[in-house]
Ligand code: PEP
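What follows is a single chain, given as structure tokens, in the form predicted on its own.
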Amino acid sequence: MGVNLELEPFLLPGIVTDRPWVIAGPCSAESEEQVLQTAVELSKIGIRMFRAGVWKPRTRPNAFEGHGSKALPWLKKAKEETGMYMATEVANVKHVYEALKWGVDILWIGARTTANPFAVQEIADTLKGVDIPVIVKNPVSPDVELWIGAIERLNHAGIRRLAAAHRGFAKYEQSEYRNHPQWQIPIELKRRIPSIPMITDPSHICGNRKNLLEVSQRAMDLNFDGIIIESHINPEAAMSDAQQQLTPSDLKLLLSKLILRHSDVDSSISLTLEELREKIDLYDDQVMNILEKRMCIADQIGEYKKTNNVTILQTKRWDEILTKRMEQGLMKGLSEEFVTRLYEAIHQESINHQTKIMNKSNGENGNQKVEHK
């Protein structure tokens, strides 16, 4: 189901609308010199939107939490000397007032704040009557409804220039990513709100420099609009997130390697695509029919378990299914992550079916229990 929002073009005057939009700058505004040097170098490579954290939400209290309002004049000076637009994160009403007072051009809502509807509503109320672009990062958890809710709150307050930022999601298992991208979540948000620009934050997804190009390219291949990426004049000396920041020259190199593909399909290849899509639709129909049959068997198992007073969850059997299908999936070129998620969803649906049967009274729908002796 789509979400109706009143949106206007996000980009500010003078910004080239061609993909990718790039918002770049250090994780934290550490000093006036660092801000100015980084801004000047980024301006030289054509970056028009500068990002820097002034208030830094940190997990532990002893970490560097930014210089706060003290750093805002540094951003203003960088804007005056380079002509770049300035962007920073706001997490409460005080941050909003201070950022607006010092002429910040773009605000963003961080992942922790997006997850708090009370905080988002207070920010939205504070911004009523203010015409300023706002970027809403995804919440820490993979909850598309929470993400959409934050966007809606701002839009209902009159903010028309909105963008969504995909920065990955918290994870518990070991992974090559700092925050798992879970691309299906931003894709679903884009499906629900087609008109909203989607920006990916490869720095916070990766947590390192090694995978920045890969994640940025993936975003472009998915037709996302741009990237918000961390760039520092001297990353090794950065006071926060040093391992994921690029020098301006390295950022220029990364951008030069991005392959930009067309979102529209021309007539010369549309026929081939339609033929392939028809096959996909055919296989999807078959998958749905097979899943229906599988759930019918699950229902029969549920009836048997109820009759014989057996628990729904059989851990050994579930482990056997998952292990076998993961091995089979690898042989067929399917990733372990995909097979695991697929069968977890199938298993959960089977449990749901069996739970419904277990909780159904014997006389429900006129079906009386028959004793077989």
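Numbers follow the displayed sequence, beginning with 1. No experiment lies behind these values; they were computed from the predicted model shown.
Same protein, other form: the form predicted together with phosphoenolpyruvate, not shown, and the subject of what follows.
Of the listed positions (110, 248, 186, 133), a single one reaches within 4.5 angstroms of phosphoenolpyruvate by any non-hydrogen atom in the predicted complex, namely 110.
Of the listed positions (204, 209, 190, 153), a single one reaches within 4.5 angstroms of phosphoenolpyruvate by any non-hydrogen atom in the predicted complex, namely 204. Not one of 30, 65 and 95 places a heavy atom within 4.5 Å of phosphoenolpyruvate in the predicted complex. By the criterion of a heavy atom within 4.5 Å, residue 48 is excluded from the residues contacting phosphoenolpyruvate in the predicted complex.
Contact check for residue 137: a non-hydrogen atom falls within 4.5 Å of phosphoenolpyruvate in the predicted complex. Mapping the unseen interface onto this chain, residue 225 falls outside it, with no heavy atom inside 4.5 Å of phosphoenolpyruvate in the predicted complex. The stretch in contact with phosphoenolpyruvate in the predicted complex, judged by heavy atoms within 4.5 Å, is 48-56, chosen from 336-344, 48-56, 30-38, 316-324.
In this stretch, 221-235, the one residue having a heavy atom within 4.5 Å of phosphoenolpyruvate in the predicted complex is 230; the partner itself is omitted from this view.
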